[in-house]
Each structure stands twice: as structure tokens, then as C-alpha cells.
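Quick heads-up: the C-alpha cells below are two forms of one chain, split into structure 1 and structure 2.
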Structure 1
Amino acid sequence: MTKQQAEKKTVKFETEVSKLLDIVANSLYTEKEIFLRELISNSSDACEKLRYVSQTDSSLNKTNQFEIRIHIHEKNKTITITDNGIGMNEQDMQSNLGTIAKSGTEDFIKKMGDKKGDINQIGKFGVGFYSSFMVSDQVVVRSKKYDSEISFLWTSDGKGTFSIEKTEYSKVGTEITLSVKKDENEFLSKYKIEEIVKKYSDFVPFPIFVSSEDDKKEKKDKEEKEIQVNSAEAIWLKEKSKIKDEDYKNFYNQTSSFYDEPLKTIHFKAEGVVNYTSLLFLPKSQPQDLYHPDRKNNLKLYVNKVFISDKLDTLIPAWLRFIPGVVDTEDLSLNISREILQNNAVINKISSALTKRVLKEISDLKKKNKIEFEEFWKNFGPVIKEGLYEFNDFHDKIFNFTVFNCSENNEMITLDDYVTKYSNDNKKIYYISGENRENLMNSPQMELFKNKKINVLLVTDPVDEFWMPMKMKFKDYEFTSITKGEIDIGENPKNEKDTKESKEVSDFIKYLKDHLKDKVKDVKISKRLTKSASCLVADENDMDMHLKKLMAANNQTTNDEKRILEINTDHSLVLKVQSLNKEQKDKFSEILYDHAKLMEGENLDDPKKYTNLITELVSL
């Protein structure tokens, strides 16, 4: 055994990678050509990283001669992609080409594994390097990192394991060789490859050369110069009039995880306090990992066309993390360190300006195209509203287009619509939160509001339940949950009756309070029920009921304060129980609590008992 063989190590892919590879290799995904886009994109990132490092590290030679080469060997049936970027050492290979750092992978695999997922999701999800296995049955990577003397070889057939060993690769950078599968011979055509490069990677900022073995033979005597296939221009610095929609789309696909068309392209140059050019996109669909805790924003920062970072969370607020694009500024120095960037006045100014601009575009979208806006809002509204849960200067701008479903007229309205079209004397914005419109409209707490045609916002995004109580007010209107505390909606015939509340009723309430004291915090005569016998509400300063359920469903602990039982003293069921003797009351009054629980859509501890009691009560 030679020394080299002895050092070869074989490693199992992470379970998730194995599953992913299985899906990728056997997929019937039609656009297999995207593998090249993924590999070129990795090469381009590698070149950008080395360019950045060489700018900041004075001990390194500054180089600007970055390039990506693709070579086809028809006879050997291989495609080789070479770059002179940052390269990988053994550790990099092991962790980058054996695991998946991408958030949302688990969900993705599950969906695809269950065959529930749409096959096009592969393209949308962007399986990166692993997409090589869509067209090849053997991948060999040779690489030398810029700061290393040793080079390494990574090999795998994509079936469970990969191996890493030392090799002799003299140049800094990476070379990836794919052995093309039998049925994928079309990728051994130079013209096909050139077409794919132009289609997906035209704006990659480094020259891409395509050559083939057959070519080489032909040109041996002619000494022809290699021709660059892509334009390699920074599209964001080009004049808008010279950019086609198709170019924007390709750039969008290249820089984001979206492979469809953007909903809106926002391309502008800002001059003044800070100078920068920005090309941003509003996406049409949700990225897979939108709600994953590791999800970062999707903006790339450049300084004079030099890539600086794509991990800068101060560049745009987290609640706009779905917006891909680039920002290029002249106002930062090229060798600025990533740490300093985190707290930098120029970045903060750019961030604020970008945010304003994006919010304005969304506002315009709402005005100009209702249907597109509604779709956009469905996808991203809940994320944008996270911006209302934090302290910032953008609340009013977010409110410009934030819409809610409401009980009157079943329309989507803004808060401004609410306080103008549906104003009420109490200066309150009433809301109720729950699963969906139908449930909420049938809630007992809605009864009086429906009767009086007082509009109530129907809140079905959990995020609203967090920011609304915190925000407290919109203009001079107070956010008021109708499932919490007392309600007072002006003249109410029941109020008068309440004041003249008979001794009989007050004794009954007193009795219920005592009898149900283990189950409820208090028992009150309801002002909000007109049809149902009873309902539950949260006490004024307690957590709202639906929020509590949400938190419990997410295993978050909440105080287990009890709720308040409200009863409708006009209701025949209540009157019936009230008319019973002490012994019967002891037996039947629990019905009123169980009834309220059922109205909340909750399970009863003993449903049979409840049914039997009702049947018995009716025949009394």
C-alpha cells in the first residue's frame, strides 16, 4: 500500500445529504441543466472570496485575473469546471461537500421523499453542488486553498460515501470533473454548454471560457484565442434602458433561490448623503426557508463591484429577509473588515433608505395592482408585520399597505380604512384572533358586534397577536381584543337591564362563581352574547385566549391563569339552570362552562357526561 492510499479516508454523507442525493439522482426534473449554473455560481463565489481576502490581507498578492473554465472531453465523457478562486482544504471539503448548511433542508427532503412535493421544487430549492449528480454518476473535485501548500482530492459516486485524499494539484483554486451519465450525453456538446452559460450565467462577474477536446484538436495549428462566453458585466451598473426583462430575470435567478420571474424589479441609483446603486427584487413565491430561524437576508454587498459580504444582517431588516439583490456603494473602503461592517454608519443609512424604498414600492403595488398585491401579501405579509413587533421608524409606512380581513363586508382593509369607513365612538379598533374567518365569524364573542354591525378585524396571522397589544394604538384608536376584558359598545339595551339586575340573577351568578371556582376566574353577565348561552373571555390584563393556545401548541409555557365565564341571562338554557333547586344546580350548572368551551372549539374532559346532562335537563 502506498502512503497516499493509506491516507485516503472514506466518509459517510450526513443522513440528510444521502437522502437529498437519492432524490436528486433519481429525479425526473426536466431542467437538469441548472447543475451548471450551481457550479458556476460556486466558482464565482470562490473567486469573489479570494478577491476580497486579497484586498484585506496585505501579505497576499493582489490579483484580478479571476476566471472560470469549462472543458468538455467528448471521448472520456467528462465536463470539467475550473476556477482560480479561494479553493478548499481537507476540512472545507469534508464539511462543505458532505453536509448541508442550508436551512429548510429537512422540510424539503420530507416533502420530496413523500412524493408530495412538486418536482420543480428541486429547482426552486437549489440543491447546489449536489445537483451535479443529476447528470453525472461520478464527481471528482481537486482543490488547493489559497493559504495552503497541500491540495486534496474529493471523490464520490453520490451513493452514501465520499472519499478525501491528498493529491498533486499545483494551482490555487478548484477543479470539478463530472463523469456524464449515459442518458445525459447532450451535455457533452460544447454548443449546449455555451447556451446554458449564456442563459443562466451571463452576468457572473468573471469571464467564463468554454472549450472542448475536439476543439483543441481542430485548433492546434490555427492558434485561435479562446472566446469568453458570458458578458461578465455588473448588471446593476448598466443603464436601465439597456437591460432586458430577460436579463433581470436571469440575474434574479442567479443571485437568489428563486427560479421563476420576479414580481417586481427595483433598480435605482442613490446620490447624496450616501451613494450607492441597488438592484432588488420582490419575489413572487415564498422561499422554502422563510420562517427558518437560521434564515438570513439575501442581499449582497459590493464596494465598487467587489463582493464584500452576503451575510450582513444590518443591510436590511430581518422582516425584509425575502428580498434578494445587490447593493453596490463607493462610500466604503474595500478593505473594511466584516466586524466593522456590522456597526457602520454608511451601512445604517443605506439600510434605512433601502427599507423606505421597498416599503414605497409595496405601497405602490397595492395601489396599482390589487390582485398581485394580494398574492404578495399572502406570501410575505406575516413576515413584514414582524417589523411592527420591533421598535423602528417604519410602522406608519408598513401600515400604509397592511390589510386585514374584517367582519363587515368581508373585505381586506387597512387600519386607515377602519378608522375612516368604520369609525366608532369609542375610538377602538376591535379585533378577534383565531384560525380562520369562518370560525371567527361564528364566535360567540362576535354576536353583539354582528348585531350592531360594528366592524371587527379578523386576525388570523399569529404575528398580529404579538404586535397589536404592544402597539396599543393606531392614530387615536386603541387596539381592543373582543375576547378579553370588559366590552362597552355604547348604548346597549342589556346594560339597562343589568343595572336593574334582579336578586335572583345576582344570587345565581354568586352561586356559579363559587361552584365553578376551580374552573374559572370569575363569572359575569355577558354584554356581548345575544344568541349563545355562555362564552369564555380572558381577563383584562391576562394573555388573550388564542395567543395562549398558540403558545401552548409551540410548547411555550404561559401562566395558567383561568378565564372568565360570561353568561347570557336571557338564554333559555341559563334560565333553565337558574330555575333549578340547589341539588339540581350542583349537577347541571357545569353545562354552562362546557358549552362555553365547546364554543371555543375546545375538547371536553367528558363529552358523554355533557350530552347525558343536556338530555336529562331537557326532560326535567
Structure 2
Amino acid sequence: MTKQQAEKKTVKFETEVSKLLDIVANSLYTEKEIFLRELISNSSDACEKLRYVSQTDSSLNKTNQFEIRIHIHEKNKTITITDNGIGMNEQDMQSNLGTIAKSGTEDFIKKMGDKKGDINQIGKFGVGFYSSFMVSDQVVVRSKKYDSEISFLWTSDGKGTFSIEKTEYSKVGTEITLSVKKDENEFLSKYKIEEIVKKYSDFVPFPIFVSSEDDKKEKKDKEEKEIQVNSAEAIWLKEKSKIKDEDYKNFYNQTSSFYDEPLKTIHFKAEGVVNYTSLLFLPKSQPQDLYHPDRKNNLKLYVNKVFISDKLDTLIPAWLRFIPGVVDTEDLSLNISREILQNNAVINKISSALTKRVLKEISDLKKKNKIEFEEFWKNFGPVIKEGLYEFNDFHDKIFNFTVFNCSENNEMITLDDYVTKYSNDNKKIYYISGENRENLMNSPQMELFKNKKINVLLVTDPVDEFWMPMKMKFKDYEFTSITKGEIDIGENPKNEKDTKESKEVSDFIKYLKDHLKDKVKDVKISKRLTKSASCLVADENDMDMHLKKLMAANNQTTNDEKRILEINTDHSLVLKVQSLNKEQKDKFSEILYDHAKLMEGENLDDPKKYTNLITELVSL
């Protein structure tokens, strides 16, 4: 037995290691590939520590180039991660690798009395190293600390014990070798490892190189220059004055599905209760999957330049899901799971701040560049207005720039424009919903409003039909559909009739109610119509007609509510039917109902019958 073997120590982990290792290896992380992110982050921390120490200790030789190397040996089924950072001695190994949830990084910062910003560390909770056991059944660590002549070997299978012994390792730094499990062979692919590095550690500040045994066999020129896998520079952390427009564009293209220039770049740093840096973009064009039900937001979350997730629903609201970019914070742990992040207080604060900033930028765009805003609104307005349907604190900010088509102006107007320029004594915001402006302007329900020059919002985005009835009011003005319930514009639109005529009209209304009772809920004299003979409207407490059509078209169940038939008692068609005898009325009165359906663009049950009846009625 050699002296070195005699000094070998086998030690039990200081915590309930079986339970904790099981949690770390099987439950803490959503994806197994995270193990490489964690080990690279640890190596980056080690390099950062030595860089910091060498700046404050003049007796040390400064390292010319810190680097992280990953080597894959497919035949031996091993992955080795090497760095030339600060290294570890026996005490460091026992403390940092022997105790779960004890962070060597945090301890180091405390000892150095670090001032915020002087040293850039990633790890905080000290559990990332143990993610190695997700893909390996043995981990071997060799390390030599910068101020020591002795190197040490740490070995564990993650099942309760680890061993530490002296070893021969001449370089300052750390080498971690993973013996890959049989069912995890995908991680022995150089392509796969490079893919993981680019995904999670592209902006780690030290160069990362990946090699394999095959590289050595295939390399013909020994002087061939190695290719660095990671970018090593996070553009969002650079000073804005040092970033060119072309740099922003390239990053925008890299982080999104767009290949054009962004409409607007939003780059800022927040310091206070929560610290983070954000680089976001307003796009010019729609992504193809903008309205796909599985579409998620396109923001990437980083912790100190290390990628965490691009599937975090709570980082920005779904109604801003078209915003690409990155958010980088130092106030989260690398080891936090996606599930925990969904309800994390730091994320919630960042989300609220990001949302306010984006809405402010959109509002500024509207004020400064009308043409660009209108194109942007055409592409993304319907999505943003989904935020009005949600319960949140941003409705007023969205209303600052939300615009609508309207009947009294060819330009789109805001709700503020409506209540200031087109106010009415009833304090109502009148609206009508449908497929396009032309159809809505020709709708029979619009006739009175056009005659009286009362402005009506022409709502063509389906989402408006959901939030308007729910929101009910803007300031003191009530949202009022002109195709629903009674319309009161503060005056009687018809002249008073004589008693005899009123009696005739009343009798005719009663007749229609009875004759059409299977088709309509009620029959009323219309206050809306000035030119058309009849129209259909929804009852006050029923669903608006166009919304009901939309829901039916999307196979959503709605109540089978009959509509109200309104007739224009001054119209020649109504007067003609009214003048008929009982037998003729029974035959021709349904013309008024079918006429109203046609005006709504609806199909008739029997178009031929309707045509024949009209022809016959004209000849009477």
C-alpha cells in the first residue's frame, strides 16, 4: 500500500444525501442536458475567481487566457470538462463537493468582501454540480488550487459517500470526468454537446472549446486553429454607445424568426428591488404562428449570461408574445426549476416592469411615427387587445394607444378621441361589430346614427367583442352595442302618428309577434331604421349577434336565443304587408323576417320561396 493510498479518505456526505441527490438528479431540473450548463457555469466561476484574485494579489502570475474545454471520449464513454480557474484543495473539495446546498461561490464572495459588480459569479446555491449524476454513474474531479503545490482527486458515485486523495495533476484548475450512463449515449456526440453549449452557455465570458477522440484522428494539420463554440460576449451587457445598429439587427435575427430589421430596439438596465438587463425588440412583421394556440412568448431568460429558459409563460404576458429578446438577471438561482419560476416573485416583478416599458414604447411610437404605428397596429393590435380581456393592471396603458375605425372619420381614433371629439349627452361609446368597415357602414342598424352624425366605433377584431361587454366603461362612458337592446339617443326619431294609424301599427305588431313567435323573440317598431324595412337585434341581456356567430363558427356552444325583429313602419314594404288581408298576411309576413336575415348577410332557409313571394307581392 502506497503512502498516497493510505491517505485516501472515504467520507459520507454531510446531509441526507440519498434523498437530496435523488431530488437534484431526478426532480430539480426539467431537462437532463442542464448538467452541462451547470458544470460550465462552475468552471466559469472558477476562472472568474482566479481572475479577481490575480488582480488583487501582485505576487501571482496572471493567466493569459482563461478557458473551458470539453472533451468527449465515445469509446470510454466519458465527458471531461476542464478549466484553468482557481482550483480546489482538499478542504475546498470536502466543503464544496461534499455538502449539498453549500455554495462555495457565496462563501468566496463573503471572504473576499466583494463590492457588488467587482466579481461576476453565477452559482448561488451549490447544487448544480450534482446534476452530473443525471447522466453519469461516477464523477471524478481532479484539481489543483492556485496557491498550492498539492493536487487532489475527488470521486463519487452519488450514492452516499465520496473519497478524496492526493493525485498527480500539474495544472492549476479543475478537471471533471463523467462516466456516462448506458442509456445517456446521446451526450457522447460532439454535435450534441456543441448544441447544448450554444443553447445555454453561449454568452459565458470565457471561451469554450469542444473536442473528441475522432478530432484527433481526423486532424491533419497540427497547427489548425481551434474553433471557439460560444460567442462569449453578451451584447445586452455592453454599453449602448458601443453597439452598432447592425449588431442589434444581427442579434434580433439570431434570437427571433425574423430576418428583417426590428421596428424598434428596447435596451435598458433596471436597478433597485430587482436587478436585470433587458434587450427587447418590436418586430415589423407577424410571425406565422402568432395566433397558434400553442404559441408561447419569445423571450429568453438568462441568469448572469447563462440561459435558463425560453418557455417561461410568466416572463411577459401572452398578449405580448410577439416580442423577441432577452432578459438577464442576477437575482435568481441557476438551479431554480421552470415550475418554481412560474410563480416566482422576482419573475413577477420583472414581468410587470417589462410590460410597462413595452407599452410605453408602443405609446411613444404612436405619438412620433403615425405611419409606422398604423402598420404595427395592423399586425399586432388584435393580440395586444387580448390584454383588455384579461384581469390586469394595464388596461389604461393599453387604451393610451388602442385605435378603432369609426363611422364619422376615415382615420382610426382612440377612445380618448371619441369621448373628447364625439361626445354625446348619453355618455355612451356606441359600437357595431362585424367583418369589415364597408359591411358595417351599410348595416341597417347604422342608419339612424349616420343620419344624426353620431359616431360609432366599427369593431372588426373579434377580440373586441369579448372585452367590450366585460369592460363596460371607459372613463364615464359606457360601451353600447347598437345591435343589441333598445337604442336611446335622447330624442324620438319618429314623428308622432295619429291615433288611428297608431292603432293599425299596434295591431300589426301584435299580429307579427304571434305569427313569427317560432322565429323571433319579439317584434318592435324600430328607432334604428330610416331606410331599410326591417332588421334583427339581440335582446338587452343576450349575446351580441356577431359574437354569437363567431362562437358558432368556432364550434363553441351558445344559448339558442331568438332575436328581436324590428320593423320600419314608414317603409313601403312594411306598409304593403300591413295593408294585406289576414290570408295574405299569413303568406307574406315572413318576407320581413327573411329581409332582415339578408341584411345581416345570413343564408335563408328557402331563398327561392323568398324570391317568388317578393315577385308575387309586387304584383298585388
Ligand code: ADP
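Note that the rigid core is defined as the largest set of C-alphas that superpose within 1.5 Å between two forms. As the structure is a prediction and not an experimental result, all values here were calculated from the model. Here, residue number means position along structure 1's sequence, counting from 1.
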property	result
Of the two forms shown alone, the one predicted alone	2
Selected hinge residue, from Met441, Glu233, Leu50, Lys192, for two rigid parts turning between structures 1 and 2	Glu233
Rigid-body rotation angle between structures 1 and 2, smaller part relative to larger (whole degrees)	78
Inter-form CA displacement between structures 1 and 2 at Ser156 - rigid core frame, Å	39.0
